[in-house]
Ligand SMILES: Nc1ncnc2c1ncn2[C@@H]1O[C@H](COP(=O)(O)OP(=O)(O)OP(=O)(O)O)[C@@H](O)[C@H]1O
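First, one chain by itself in structure tokens, the form predicted on its own.
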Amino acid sequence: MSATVIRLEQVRRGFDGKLVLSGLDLDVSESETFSILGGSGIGKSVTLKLLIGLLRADQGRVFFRGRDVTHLKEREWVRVRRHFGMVFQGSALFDSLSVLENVAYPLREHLRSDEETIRRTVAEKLALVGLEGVEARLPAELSGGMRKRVAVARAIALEPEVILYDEPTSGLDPSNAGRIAELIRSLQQRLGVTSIVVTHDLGLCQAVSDRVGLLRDGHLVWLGAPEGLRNSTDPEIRGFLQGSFPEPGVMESS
């Protein structure tokens, strides 16, 4: 059996007295692509931020490779985050920096590499996402799909063990969304990384996932292989597939 890389145990997180996660349990295995599916405002992005210490759990525990990281100090989290790459929903590129400088940013922050090594590494990562020769361009000169791929190149610059994708197809047309799905699967296969994707895009889940969890009311209400989604008779699943999911309820934090 594959080793467990990520584990959440009964994680609760609220904001201003309102509960977003209400006892979330989650296990993600080595080299797996796990997707968290659900509507807007239900805690998908909150879950990713908990995994890398950008938010802290109110209750419950977070583990990375068997180590309890729930209460790490910030200086300890800096070391743990080196094992993660994050692709933010809006790509989060620096508008004033070239593609080269955007992808090189984590290399300059964390490594003491010479300029030639940095440029070579950036070129390698851009080639992995199908963007050779765009180093000198600015983000404003790129299409939405290209900006997303630059964000992926930056996320893999430090060769992380885990890549986190926050709504990676948001705002993209179907063609570019399909390219991103192919890229996620390709990187998982070529690099052997563990991937966690949060999305409302059912097509993306079907294309990239080994397993899918449906997040609702602060916990996973369904968990299984992606092909089980369309065939499920569970009313939670049917409601989501038919677009009839009610707006997420707000739970009072106790």
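Computed from a predicted structure; not experimentally measured. Residue positions are given as counts along the sequence shown, with the first one as 1.
Unshown form predicted together with the ligand; subsequent notes refer to it.
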Which pick from Gln89, Asn176, Thr121, Ser98 sits with a heavy atom within 4.5 Å of the ligand in the predicted complex?
Gln89
Which residue, Leu220, Val46, Leu187, Ala207, has a heavy atom that falls within 4.5 Å of the ligand in the predicted complex?
Val46
Given the stretches 188-196, 25-33, 60-68, 38-46, which is the single one in contact with the ligand in the predicted complex, using a heavy atom cutoff of 4.5 Å?
38-46
Proximity of Glu167 to the ligand in the predicted complex, heavy atoms at 4.5 Å
yes
Though only this chain appears here, would Val20 touch the ligand in the predicted complex if you measure heavy atom gaps against 4.5 Å?
yes
